[in-house]
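In structure tokens, the next block holds one chain alone, the form predicted alone.
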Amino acid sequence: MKVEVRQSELPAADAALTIVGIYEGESVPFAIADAPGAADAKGTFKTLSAVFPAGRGRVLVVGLGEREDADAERLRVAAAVAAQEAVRLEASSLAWALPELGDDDVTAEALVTGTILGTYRFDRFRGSDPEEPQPPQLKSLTLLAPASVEAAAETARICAEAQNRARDLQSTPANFATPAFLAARAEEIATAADGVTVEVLGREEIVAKGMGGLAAVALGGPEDPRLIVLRYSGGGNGPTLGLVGKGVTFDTGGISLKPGAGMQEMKFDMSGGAAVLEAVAAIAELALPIELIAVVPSTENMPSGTAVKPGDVITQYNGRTVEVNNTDAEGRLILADALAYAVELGAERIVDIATLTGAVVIALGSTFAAVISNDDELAAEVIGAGESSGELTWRLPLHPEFKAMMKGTVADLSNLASKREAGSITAASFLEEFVDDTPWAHVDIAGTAWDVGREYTGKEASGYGVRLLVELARRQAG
């Protein structure tokens, strides 16, 4: 979507539809106060009212709620509601009069993000019927705002479009979005971006390196696994940031088979990998001055006569042995190899992001992702990045008692805790075994990756994590 900032007064807005936000109990701007419909406009949050100034096209008034409740998140929601109405009205261009929030940059980010995310549509497999009309599209957004917000608006555009690309990856069916498909996307990113290089390991190389977790999970299906490594060299004086994303392109549970109801959603089990790939693309486009290593282990998890079995023992990349007591706890096995590899490659602080446990949905629903970390400073930075981006996180604790629950009987570790409690934390405790003393934070997005229901993410793929990871990188870059 084209995004621009223009220093125009409301009457001169050159767009098919102009948006004005008003707070509860307040009136529309003086420039349109006498127009038909202005007297009926309300500031109730998310309420839409049409105003028809003579000779000035259509104006849509969006209620922003109580002024004291106003924040960036409510503006993202209001922008999404307005943008969806613009699409319904078949308006191809939109202009927003910048509301008063106290920080123009924050306001601009919220409006751009809400508009771009709110009009997302996955239509790759639609349109095969030549008689079916093409859905209307919103092609441009103009902010009627000071020139000083241009950088914030452009950053928001880059991040929101990266998030929508992650949603495309998430939404693509698993017979298309294979590990090779994700690897090809990584190669596209490296080709298109300055400072980015890519390395992709196939099955033989994965086995030869001793990545027993990724190799074991991949045994059940015909699709070869991939270990995808992207490096971004942007300079800067900070520590090398490592991003690790789970890339299970379809998760049946393996021999520990999942129930059939809703299994089609398991194409979303690569959501962490999608977020990492597109976050790297956005970081490179923004030319952030940081050093970055991203690792995405990718495979299917399928049942077959060759699949890893409950009770099998495998050896992970760092030499730790693991009893595979549940083949549906596969994400931690492939992340373990990737985390150990990221440490070896030189990552000095690591964030992994994964649809790892159903337990996190019970604990935090679809509002917060869980953060579990061995480092207070890094955990605080992740939480702060989430608050700024609107991709909220909540920290859960680590404790030696949780780690003890992951000890194996015949091997060093088990991939399933001995008790059915604290499932998200015990899974993270397992991962901690593979980062040595490197500052590390695990983000469990099983509740936030899809079916969130927020106005700008809808109920399908959300692309959660892209903006959080980019914001984290921006903060490290200074």
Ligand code: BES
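If you're wondering where the values come from, they're calculated on a predicted model, not measured in any experiment. In this text, residue numbers run from 1 along the sequence as written.
One more form of this protein exists, namely the form predicted together with the ligand; it is left out here, but the text below deals with it.
Checklist entry - When you measure heavy atoms, are Phe268, Arg332 and Ala446 every one within 4.5 angstroms of the ligand in the model of the complex? => result Looking in the model of the complex, the three residues Phe268, Arg332 and Ala446 all sit within 4.5 Å of the ligand (heavy atoms).
Item to check | in the model of the complex, the residue from Lys258, Lys407, Lys309, Lys139 that sits within 4.5 Å of the ligand by heavy atoms | outcome: Partner contact (heavy atom, 4.5 Å) among the options: Lys258.
Next on the checklist: Can you pick out, from Leu60, Leu416, Ala38, Ala422, the residue that has a heavy atom within 4.5 Å of the ligand in the model of the complex?
Outcome noted: Of the candidates Leu60, Leu416, Ala38, Ala422, Leu416 is the one lying within 4.5 Å of the ligand in the model of the complex.
Checklist entry - Might Gly358 be said to contact the ligand in the model of the complex, defining contact as any heavy atom within 4.5 Å? => result Gly358 belongs to the contact set for the ligand.
Next on the checklist: Does any part of Asp328 reach within 4.5 Å of the ligand in the model of the complex? Heavy atoms only, please.
Outcome noted: It does: once the ligand is placed as it appears in the model of the complex, Asp328 has a heavy atom within 4.5 Å of it.
Checklist entry - Taking heavy atoms and a 4.5 Å cut-off, does Glu109 contact the ligand in the model of the complex? => result Glu109: no contact with the ligand in the model of the complex.
Checklist entry - If you check in the model of the complex, is Asp251 within 4.5 Å of the ligand, heavy atoms only? => result Looking in the model of the complex, residue contacts with the ligand include Asp251, since a heavy atom lies within 4.5 Å.
Checklist entry - For the chain shown here without its partner, which stretch in 196-204, 157-165, 243-251, 378-386 has non-hydrogen atoms within 4.5 angstroms of the ligand in the model of the complex? => result One stretch meets the cut-off, namely 243-251.
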